[in-house]
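Next up: a single chain in C-alpha cells, the form predicted on its own.
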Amino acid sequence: MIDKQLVFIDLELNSREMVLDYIAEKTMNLGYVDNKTLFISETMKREEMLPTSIGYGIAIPHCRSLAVIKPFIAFLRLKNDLHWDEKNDERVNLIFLIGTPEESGSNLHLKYLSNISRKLMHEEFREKLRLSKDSEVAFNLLNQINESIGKTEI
C-alpha cells in the first residue's frame, strides 16, 4: 500500500486543503483514485467527525471511499508545519493519507493505521522521517511497515 511514487518530501503547501488536493491529484494520476472531488469530500467528512492530527506534528487522514480504486498510503513531509484543524492547536509537518475502497470489505487499512501509529510512537523513527534527504530514503523507512504486515496481505 505504501507506494514509492506517493512519497513526497519538503513540499511547500500551507493548508490541509492544499495537502489533500495535492495528494488526490497524484493518486488520481497513478490510478488509485478515479474521482478527485469525491475523494477529497469524503476525506474532509472524516476529518470533521474527528481530527486526524495525533500529536508529534503528525496527521493521518484516512477514509473509505467510492472514489478509491485500489488501497494506498501516501506520505508527505512539509517544508514548514501548518495548522491542521481548527478544533485544536495542532501543527503538523508529517502527513500519512490512507485511502481504501468503500466496498473492500477488508480491514487492511486498519492494520496499516495501527502499524503506522505504532512506528510513529518511536521518536527515532519520526526523526529519521524528518531528516530523510529524499523520497527514496523516506520510502525505505516506510517500507518497513509494508514488510511488517506481510506481502501476502497486500
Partner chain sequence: MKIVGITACPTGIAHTYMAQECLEQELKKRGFEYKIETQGSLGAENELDDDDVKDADVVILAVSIVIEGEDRFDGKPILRVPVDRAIKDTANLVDEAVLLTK
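Everything quoted here is computed from the prediction, not taken from an experiment. Numbering follows the first chain given and starts at 1.
The discussion below concerns the form predicted in complex with its partner chain, not included here.
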Heavy atom of G55 within 4.5 Å of its partner chain in the predicted complex: yes
Using the partner position in the predicted complex, report whether T100 sits within 4.5 Å of its partner chain, counting heavy atoms only. yes
Heavy atom of K36 within 4.5 Å of its partner chain in the predicted complex: no
Considering only heavy atoms, tell me if K45 and its partner chain come within 4.5 Å of each other in the predicted complex. no
Interface check vs its partner chain in the predicted complex: of R118, K128, K70, R91, the one with a heavy atom inside 4.5 Å is R118
